[in-house]
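Here's a solo chain for you in structure tokens, the form predicted on its own.
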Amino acid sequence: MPQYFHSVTLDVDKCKGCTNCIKRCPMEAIRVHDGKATIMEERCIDCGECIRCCPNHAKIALTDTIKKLSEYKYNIALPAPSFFAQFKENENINDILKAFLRIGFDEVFEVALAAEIVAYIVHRQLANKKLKKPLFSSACPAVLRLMQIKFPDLLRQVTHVLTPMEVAARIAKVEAAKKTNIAYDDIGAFFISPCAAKVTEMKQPMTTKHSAVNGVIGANLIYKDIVKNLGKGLANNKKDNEDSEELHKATKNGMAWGYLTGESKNIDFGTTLAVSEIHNVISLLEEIERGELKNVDFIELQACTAGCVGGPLNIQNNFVGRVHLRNLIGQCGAKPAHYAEKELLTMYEKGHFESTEPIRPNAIMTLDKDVSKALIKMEHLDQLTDELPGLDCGACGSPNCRALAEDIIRGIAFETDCVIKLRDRVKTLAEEIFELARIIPPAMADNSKKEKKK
């Protein structure tokens, strides 16, 4: 069994066993037993649905904090496009970027700028008629992990390019090393993330062997520090001319990756489709597996509602965040592209940011390694499922009746965990006890006969 790292974890003390999470989890990765939830690590894709729906805030994301900056000589902040959606439209993007320098970072590199590079590469890949369409975005790690488990045959249609987060980290660290003469490994690149899945992507990357990102800080953890430092002067250790420097270099195309349709519009090729919210993504992938949607060239898939602005670690409501981000983008006007066409073409032709590792299937849905035993268990699973009431009430601690049947087969649950089955069993036992109560033991029967004769 492979080792799994997951950025979503459970605070047992806060968990009340309410079963909200087992219904929302798209991978049926959560069970509730003895009044506490447990996460089945091999099934979890770090989509953050449990974080979003838990009323007791018992599901939490394991992200880094700003304290980790002390481990590196030079630190670069990599804010996601969706991070700017947390600020009202009267704020200035350049001021938000400068606030990162005021809280301890030495440099800021916009992930939106890297997104523009990724869009160019994907546009070029789509022009390759040999590739099977539709091509799927590789930007959302939660979607890719979903495909690894439930839709492995579609993995070959994922775009062969690194994520904007990874591209941003590599470019920023290489440029910083040249500029400062500090060793590459002594430079820390920290992604400011709207979701937990990016932490897992950093720890266990799917499209490359090693990530250039050194830490992932949740947007919710750094937001207050940025707000406090908006409009202030730079720290004493910063150069005076940096206070007037224009740090914002990304165009509206890269910034729009923060919400749904931003990626597909930036790629700008043929027929595209954008789908958000993990349950909607699953429905769409099921359609594609059945052979539908053959005339679509590119599909943007986002696990969170409305895209990254709906990430569980964000501050703003996803609809409000989208409005804020669109207004901020509108203020930028027609900003010229930072990278010339010739530079982008060179990056594409030299394959600088193409994925170096194939995304491999993750076969965790099997009942047994032995095929013959797995078939027997599957037959038993179907039989158990038919015998269960089919109410999918969740009272047993499993998300539905079939999941309970699977848990029984795996030996982590019992048939009497089902309240309907338990009621029937209790009823049967009560009837048996009643019948037994009416039967008089032989010794007592003899005594009663003697008493009657007297």
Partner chain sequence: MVDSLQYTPQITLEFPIGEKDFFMAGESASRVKKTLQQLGLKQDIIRRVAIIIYEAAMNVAIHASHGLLTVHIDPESISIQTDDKGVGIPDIELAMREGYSTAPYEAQEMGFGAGMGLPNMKQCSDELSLDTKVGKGTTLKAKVYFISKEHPG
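Numbering follows the first chain given and starts at 1. What you see is a predicted model; the values in this text were computed from it and never measured.
Absent from the display: the form predicted together with the partner chain. The rest refers to it.
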Original post:
Do Glu41 and the partner chain share at least one heavy atom pair within 4.5 Å in the predicted bound form?
Top reply: no
Original post:
Could you tell me if Leu381 has a non-hydrogen atom within 4.5 Å of the partner chain in the predicted bound form?
Top reply: yes
**OP:** Evaluate Val371 for contact with the partner chain in the predicted bound form, applying a 4.5 angstroms cut-off between non-hydrogen atoms, and reply yes or no.
**Re:** yes
Subject >> 4.5 Å heavy atom contact, Lys342 and the partner chain in the predicted bound form >> reply: no
Subject >> Residue (of Glu349, Glu245, Glu286, Glu357) lying close to the partner chain in the predicted bound form, criterion heavy atoms within 4.5 Å >> reply: Glu286
**OP:** Note which of Lys179, His279, Arg290, His210 lies within 4.5 Å of the partner chain in the predicted bound form, where distance is taken over heavy atoms; exactly one does.
**Re:** Arg290
Subject >> Listed range touching the partner chain, judged in the predicted bound form by heavy atoms within 4.5 Å, from 73 to 81, 302 to 310, 332 to 340, 152 to 160 >> reply: 152 to 160
